[in-house]
Structures are given as structure tokens and as C-alpha cells.
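In C-alpha cells, one chain follows: the form predicted alone.
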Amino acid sequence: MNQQETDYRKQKAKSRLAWGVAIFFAIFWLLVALIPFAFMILNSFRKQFDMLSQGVFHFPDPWFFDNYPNIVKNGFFGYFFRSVLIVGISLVLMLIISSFAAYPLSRMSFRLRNLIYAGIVACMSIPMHVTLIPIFKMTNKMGLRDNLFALLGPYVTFALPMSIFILTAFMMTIPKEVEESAQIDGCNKFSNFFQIILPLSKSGLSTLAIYNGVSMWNEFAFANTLLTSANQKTLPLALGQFKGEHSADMPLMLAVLVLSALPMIILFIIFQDKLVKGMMAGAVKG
């Protein structure tokens, strides 16, 4: 056996070992992610006290299907549609503002550009919950307390720094020759943005929509602080409405959690390819 064959076998052994380690951690992480969801699904089909008499990871005996109809009867879809409304409007505003900001930062040279960009990046370090009290007072003065649209400001504002940072990096990967060719054909900056840069940034925009959509969908602190009426509350607050005064029906509450998580899981499955493409395109400057 010559040296070349020996090196090839060593390299192959290292490759197999690396793949083995990667597969092990992938399976481990899959179990970590699936076990809590399996726990929620199994126990959502039990009666109130069956969790005490049966193992939580055993199949329900008997299967109890009334939890889900009971949730629907008690106004679940009201919370669901309010969450869809506020998250949808917030995402549209966030994507419009961040794309308008990222375009000049990534494609133009002007005074204070680096300072403005540094200021936006610095805003990423501000913990959003530090601003709970100031936002609560400001919302009261504006007369928006207990109004669903009071959440627009915090949701959009705190999503912007990260979104502008990612979208600026993404737009920098678009070759300048494409824009220069359009300018030769008579396109101005506005035409370049709407007809060339924005369509080419669909993967980046999809990534931001999914990333921020999940955060907004699950946001609890601002919704709990600014909303008090049941007819204004969003889906993360629905769990408290299905909790009894003196006891908690855990299977019923787990059914609420299953239905709350399901839309984001379906959305991620549908758009996961765009999410990966957007993250990879923004990570490599070519």
C-alpha cells in the first residue's frame, strides 16, 4: 500500500467520523425539539385529571377529543385572527421601512453613512423589555391603551435594527453591474430599487418575514402590558383565558398551545427553503 492510498483511507475515516458526529447531534437535536411537541399533542387528548393517573408519554386511554371543540367554542379564533392581523400589519410595515433604509446603506455612498449604520447596529443591543414602562406611559398619553394597534409601534421598532442589518448585508451581495446596466438604459434610483433590487431581495425579505413573524407571533410581554380586555388580546394571552379560577385544566391548555404553535410550524415547513437561501445569500458577499 503506497502513501497515497494510506492518506486516502485516513481522509475517508475522518470524513465518516465527522458525518457520524453530525448525524448524532442532528438526531439528538431532533429529539429535543420533538419530545415537547409530542408531550403537548398526546396530553391534549386527555381529560382534566388523566395526566395524574396515566403516564404523560403513554397514549391516552380513552382518547378525549372534546378539548379542541371546547377551545373553538370559547373564542379561540378571535385571539387567532387578532394575532394574524397585528403580525401581518407589523411585518408589512417592517419590511417596507427596512428595505427603504437598507437600499441607500448598501448601494450608495454619502456622508454619515457609516455613522448611521453603526447607530442602527448599536440599537440591536438594547433589550426590548427595558422599554416596557416608557412605552406603557406613552401609550396611555396617546389614548391607545387596551387597543390592539398599540402593539404596532413596539413590534415594528424592535424588529427594524436586526432587519436593516441583515437586509443591508443581503443587498450588498447583488452585483453592482446589474444596477449600472439599468442606469445606462435610463433607470433612476427609484426605478432601480423597485424594479431590480427589491425583486432580487425576495429571499432576504422572506427570511426577515419568517424570523420576525415567529417573534411577533409569540410575543407576550408587550401584549400583556398594553392589552387588558378579552376582546383585544392576542393568541399568546389566550392561555390565561382558558385557565380556571381555582384549578387548571392542563389538557385543555395544552390543546391551546398545540393550535397556537401549529400555524408557525406549517409556515416554516412551506417557506424553509427561502429561509435557508436568504440566510446563506446574506452570509456570503460575492
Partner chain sequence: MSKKKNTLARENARSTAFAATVFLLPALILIAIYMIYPIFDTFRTGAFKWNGISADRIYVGLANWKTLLADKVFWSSFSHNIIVMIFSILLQIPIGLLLATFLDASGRKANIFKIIWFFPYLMSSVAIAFLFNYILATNGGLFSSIATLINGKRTLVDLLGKNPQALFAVIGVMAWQFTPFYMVYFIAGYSNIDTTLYEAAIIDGCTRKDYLFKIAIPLLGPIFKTACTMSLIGSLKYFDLVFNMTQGGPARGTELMATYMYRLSFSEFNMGYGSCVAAGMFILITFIALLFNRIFVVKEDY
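Between two forms, the rigid core is defined as the largest C-alpha subset superposing within 1.5 Å. Computed from a predicted model, the values in this text were never measured in an experiment. Residue numbers count along the first chain shown, from 1.
The form predicted together with the partner chain is left out here; the points below concern that form.
J.: Any of the heavy atoms of residue 131 lying within 4.5 Å of the partner chain in the predicted bound form?
T.: Output for residue 131 is yes: heavy atoms within 4.5 Å of the partner chain.
J.: Examine residue 17 and determine whether its closest non-hydrogen atom to the partner chain in the predicted bound form is within 4.5 angstroms.
T.: It does not: once the partner chain is placed as it appears in the predicted bound form, residue 17 has no heavy atom within 4.5 Å of it.
J.: Please determine whether residue 76 contacts the partner chain in the predicted bound form, using a 4.5 Å cut-off between heavy atoms.
T.: Answer no; every heavy atom of residue 76 is more than 4.5 Å from the partner chain in the predicted bound form.
J.: Given that the partner chain is not shown alongside this chain, does residue 87 nevertheless sit within 4.5 Å of it in the predicted bound form, heavy atom to heavy atom?
T.: No, no contact at 4.5 Å.
J.: So which bits of 25-64 sit within 4.5 Å of the partner chain in the predicted bound form, heavy atoms only?
T.: Contacts from 25-64: 26, 27, 29, 30, 32, 33, 34, 36, 37, 39, 40, 43, 51, 52, 56, 57.
J.: Return yes or no for residue 53: a CA shift of at least 2 Å between this form and the one not shown, with the rigid core superposed?
T.: The answer is yes, as the C-alpha of residue 53 shifts between this form and the one not shown by 2 Å or more after core alignment.
J.: Would the C-alpha of residue 253 be classed as shifted by 2 Å or more between this form and the one not shown after rigid-core alignment?
T.: Yes, because once the rigid core is superposed, the C-alpha of residue 253 moves 2 Å or more between this form and the one not shown.
J.: Rigid core superposed, CA of residue 40 - does it shift 2 Å or more between this form and the one not shown?
T.: Superposed on the core, residue 40 moves its C-alpha 2 Å or more between this form and the one not shown.
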